[in-house]
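Starting off, we have a lone chain in the form predicted on its own, written out as structure tokens.
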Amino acid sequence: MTPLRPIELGLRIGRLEAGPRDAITDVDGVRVGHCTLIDPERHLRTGVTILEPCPDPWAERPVAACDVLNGHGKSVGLPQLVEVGEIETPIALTNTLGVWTVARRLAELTVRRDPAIWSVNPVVGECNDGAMSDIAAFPITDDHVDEALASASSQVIEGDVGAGAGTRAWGYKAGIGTASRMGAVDGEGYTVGVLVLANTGRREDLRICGFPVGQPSAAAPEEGAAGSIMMILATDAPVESRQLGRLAKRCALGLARVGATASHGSGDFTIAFARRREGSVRDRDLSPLLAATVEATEAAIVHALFASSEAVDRKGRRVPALPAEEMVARVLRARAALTGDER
């Protein structure tokens, strides 16, 4: 059965309208694919997630930017992305020790297009799934990258799939989540979409719609001591790289709304991109898009928790699923007590 999202349980996150899919693929041309590798006998629970920003990123070179809140991560390709403000390949997410395999495969597939290509800058982000998967086995292969690319679609599967197969967040099983929000600039509506790979947070810090809902977990005292999150932002607004960087910074505000603190060992990265378009948004008109970024990030993280199922880590310990209906009921009761609004 497909997991229910908060809105389907009666809880609305934020005040802005979502796009038709409430996903990063509400931005035209964006597609997402996964390859999930789960093998209990080999203690593997990992995978690859691919985001295609447009049908041909090598030819189009979408505008790009990134923001690093805390840099304890092994991402590939970000220095050039920042320097030139564009991307050349799909964006990939995987486990920490798989980034080089995935980056090499993305580069190889690009170079095969044209023998005149001598250089390519693949962009790959990661989270460490070593608590739930034998990361030192280096299980990610070219075939996994190819499968994720082949499965890319406008319909985004959330939860413990792809790069999210072995991640946990706020003491619960987590993984991939996505959301979108609309912002109007001079009467023109634009979409901001966010996809996250969540692997961070302490249970006692968890907040949903601003209300503290987490309870300490004695069973896993080390949870959240270090963790990471990759946040990918897309928009159809006509923005330049510098402006995209301003949007990317606001993903950290959405992350904070859910209760993350960007601890010492955390890697908190945002990669942002936009299709090239005629015209431009003035800086003073960016505020609706900034607000949309914050809400879409918050919602995407909560969706990652709601969509994931209970699992077992490498030591045989239970990693529970978020009790979604209980959490929604808690938030609605708290909201009603404060405001009288039970929606």
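Keep in mind the model is a prediction, meaning the values are calculated, not measured. Note that residue numbering begins at 1 and tracks the sequence as displayed.
Just so you know, the form predicted in complex with another copy of the chain exists too; it's not on screen, but the next bit is about it.
Engineer: If you check in the predicted bound form, is Ser263 within 4.5 Å of another copy of the chain, heavy atoms only?
Structural biologist: Flag for Ser263 set to yes.
Engineer: Within 4.5 Å, heavy atoms only: does Val331 come near another copy of the chain in the predicted bound form?
Structural biologist: Residue-level check for Val331: yes, a contact with another copy of the chain.
Engineer: Does the 4.5 Å heavy atom contact test between Gly85 and another copy of the chain in the predicted bound form come out positive?
Structural biologist: Close contact exists here: in the predicted bound form, Gly85 approaches another copy of the chain to within 4.5 Å, heavy atoms only.
Engineer: Applying a 4.5 Å heavy atom distance criterion, does Pro122 contact another copy of the chain in the predicted bound form?
Structural biologist: Pro122 belongs to the contact set for another copy of the chain.
Engineer: Within 4.5 Å of another copy of the chain in the predicted bound form, heavy atoms considered, which of Ile157, Leu149, Cys209, Met182?
Structural biologist: Answer to the contact question: Cys209.
Engineer: Have a look at Cys54, Ala311, Leu37, Ala291 for me and say which one sits with a heavy atom within 4.5 Å of another copy of the chain in the predicted bound form.
Structural biologist: Contact check passes for Ala291.
Engineer: Using a 4.5 Å heavy atom cut-off, which of 192-200, 249-257, 157-165, 174-182 contacts another copy of the chain in the predicted bound form?
Structural biologist: Of the stretches listed, the one contacting the partner is 249-257.
Engineer: Is it true that Gln80, Leu97 and Ala103 each have at least one non-hydrogen atom within 4.5 Å of another copy of the chain in the predicted bound form?
Structural biologist: Yes.
Engineer: Sequence order please: the residues of 122-160 with a heavy atom within 4.5 Å of another copy of the chain in the predicted bound form.
Structural biologist: Heavy-atom contacts within 4.5 Å come from Pro122, Asn128, Gly130, Ala131, Ile135, Ala136, Phe138.
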